[in-house]
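We begin with a single chain expressed as structure tokens, specifically the form predicted on its own.
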Amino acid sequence: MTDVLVCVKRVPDFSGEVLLTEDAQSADARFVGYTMSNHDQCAVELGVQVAAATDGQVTVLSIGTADSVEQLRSALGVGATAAVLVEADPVALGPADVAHEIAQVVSERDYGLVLLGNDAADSGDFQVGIRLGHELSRPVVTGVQTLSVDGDTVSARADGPDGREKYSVPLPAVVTVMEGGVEPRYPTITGRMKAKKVEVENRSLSREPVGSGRVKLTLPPPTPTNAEVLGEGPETAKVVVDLLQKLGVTR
């Protein structure tokens, strides 16, 4: 039996241009909704699969505002059985703070496997999994897309620069997940109803945050685009035909 802890974060649901707050310390979500990142959703899916295959249980954890309960209930609706919320201002926390708070929860319970998204979709932090593994003195594998548990061993697979990579590490372990290996399931009506009945455990920070030390976030410049005006009116048709023939487009 492998009990799994999956850590998720409430992040802005950007589908277009990403905006930053005036102090450039976080993503500006005033005009969008919130969600879990694709990495986190895949981590939840893998956690549910491992628990089902080993007769274990899945607990989902989030560190953030009270509104993060929405993301916890989304995970409960697809198979997680318990939820923990550590209430805090996420902007005030750095990766070391997040890793420490997760470690506090893990140290009190027997989670054989801890899964996290590979990086935070809003701030770009990707240190939490490695810091958590160090704090717990557990092996950690990052950037995983699929995994399975056989006895006391977790086998994880990822796409590396030279092709498919496979790792085998002993449990207990920490693994960070990238999207692309599994298709996250969507909650059914029954799943949503069950999720509403689960009591979310609320916790406070175990220590004063040390913060991220971040100066500011920056956005990459927009990708330049070039456009060529071929003409105006009916005479443009011949120009378009000539261009299509030049490109090798045929009927």
Partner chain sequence: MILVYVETSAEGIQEVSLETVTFARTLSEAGNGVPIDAVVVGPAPNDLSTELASYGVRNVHHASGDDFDLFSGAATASAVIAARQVAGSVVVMAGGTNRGNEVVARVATRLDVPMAANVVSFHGLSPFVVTRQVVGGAALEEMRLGKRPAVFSVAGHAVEPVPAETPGAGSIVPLAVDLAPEDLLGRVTSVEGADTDDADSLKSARVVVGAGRGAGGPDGFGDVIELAELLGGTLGVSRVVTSLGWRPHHEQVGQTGSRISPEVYIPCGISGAIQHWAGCASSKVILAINTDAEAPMMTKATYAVVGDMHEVVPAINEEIRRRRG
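Residue numbers count along the first chain shown, from 1. As the structure is a prediction and not an experimental result, all values here were calculated from the model.
The same protein also exists as the form predicted in complex with its partner chain; that form is not shown, yet it is the one meant from here on.
query = Which one, 82-90, 67-75, 170-178, 100-108, holds residues whose non-hydrogen atoms are within 4.5 Å of its partner chain in the model of the complex?
reply = Of the options, only 170-178 has residues within 4.5 Å of the partner.
request  = Please check if Leu217 has a heavy atom lying within 4.5 Å of any heavy atom of its partner chain in the model of the complex.
outcome  = Yes, Leu217 sits close enough to its partner chain in the model of the complex that at least one of its heavy atoms falls within 4.5 Å.
task = Using a 4.5 Å heavy atom cut-off, state whether Met1 contacts its partner chain in the model of the complex.
result = Close contact is absent here: in the model of the complex, Met1 is far from its partner chain, nothing within 4.5 Å, heavy atoms only.
request  = Although its partner chain is absent from this view, report whether Ala121 comes within 4.5 Å of it in the model of the complex, heavy atoms only.
outcome  = The answer is yes: Ala121 has a heavy atom within 4.5 Å of its partner chain.
Non-hydrogen atom contact Leu136 with its partner chain in the model of the complex at 4.5 angstroms = Although its partner chain is absent here, Leu136 would stay clear of it in the model of the complex, with no heavy atoms inside 4.5 Å.
inquiry  = For the stretch 162-176, I need every residue with any heavy atom inside 4.5 Å of its partner chain in the model of the complex, listed N to C.
reply    = Residues within 4.5 Å: Asp162, Gly163, Arg164, Glu165, Lys166, Tyr167, Ser168, Val169, Pro170.
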